[in-house]
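This document opens with one chain alone, in structure tokens, the form predicted on its own.
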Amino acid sequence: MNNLLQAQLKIVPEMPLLLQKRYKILMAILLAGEIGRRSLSELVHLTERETRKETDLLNQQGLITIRSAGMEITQEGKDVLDTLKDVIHEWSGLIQLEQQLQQTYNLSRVIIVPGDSEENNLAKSLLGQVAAKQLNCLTQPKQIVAVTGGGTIASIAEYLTQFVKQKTLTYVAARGGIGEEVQLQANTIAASFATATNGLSRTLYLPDHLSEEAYNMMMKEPVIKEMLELYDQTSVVIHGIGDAMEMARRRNSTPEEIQTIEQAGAVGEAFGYYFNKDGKAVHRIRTVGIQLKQLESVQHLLAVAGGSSKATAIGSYLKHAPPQTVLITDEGAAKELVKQNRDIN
């Protein structure tokens, strides 16, 4: 922090909180595209009276426009957001959190968005937006991108058109998904990513649970061999991290399997593998999909997960995550991760 800024804070100590509040309002309007005052109040957790006061000021400054249909951010408002993002990040202490988690888990990078996505839809939207930006930064034209299922990964699609340039990427489902909700399946998400970016997609319609005999037979099928070859050529993997028991129930696991997972001490899940608190894979679903050993040769891994209650699950996977992993999470999960690590030490 430079001397001028330190002097300003001595005279106006409330400046960081006020600036963060208005920054948050501008960001919410940007993400919403067009939004009414009442909806904005709920999104940023302010009273309607306070929201009116702040948006009137932003309107006077030419940062937003207010119409009967709702409020929209102006180009000047977008420029202000872009200019202030690093300052806001520093004042909120998120830079220090990012560095701490990066070192703790030996990751390529950690990006933390403000808020808790379990309590605030704005934080959830920011996760999707930042993930879309990172995907654009990490990919080259005509590369292959593997995607897993889940609500957090599905939310990225709406930002891809805005942030991912025309690269003719091929999106492949990182696993089958019959049995899960259709909109949360990797197949559906890969197709939606391709549609948003004018790319291509390859799907894998197989049950999550296969018997050993069925699995061995499937592995001989030409279409499966072709998918496995695509996994070996994948440049970027985008994946979520789930709570172990929640994922087991979502997959309609048998009571016996749920008991096995629970008794093994599993707390987190990714790629069909269940991890305990120490990061050890204690259970695996027998299914066709990208395997943990294949992740080691992937150029970039983009892990997207947030919510304070998911911190234990996120931490369990991160202890196993390859060093080329970029973690995108929210403030709620990040602070809880740091707290848990402090308690252990």
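So that the term is clear: the rigid core is the largest set of C-alpha atoms that superpose within 1.5 Å between two forms. One-based numbering along the sequence shown. Bear in mind that the values here come from a model prediction, so they are computed numbers and not experimental data.
In what follows, reference is made to the form predicted together with the DNA, a form of this protein that is not presented.
Only one of 303 to 311, 42 to 50, 316 to 324, 290 to 298 lies within 4.5 Å of the DNA in the model of the complex by heavy atoms, and it is 42 to 50. Interface membership of M71, defined by any non-hydrogen atom within 4.5 Å of the DNA in the model of the complex, is confirmed. Within 4.5 Å of any heavy atom of the DNA in the model of the complex lies no heavy atom of G62. The closest non-hydrogen atom of G36 lies within 4.5 Å of the DNA in the model of the complex. A residue is said to contact a partner when one of its heavy atoms sits within 4.5 Å of a partner heavy atom; I66 meets this definition for the DNA in the model of the complex. After superposition on the rigid core, the Cα atom of L301 is displaced by less than 2 Å between this form and the one not shown. Relative to the superposed rigid core, the position of the CA of R22 differs between this form and the one not shown by 2 Å or more.
CA of T161 to CA of I66: farther apart by 3 Å or more in the model of the complex than in the shown form. The pair E14 and K335 is at least 3 angstroms closer at the CA level in the model of the complex than in the present model.
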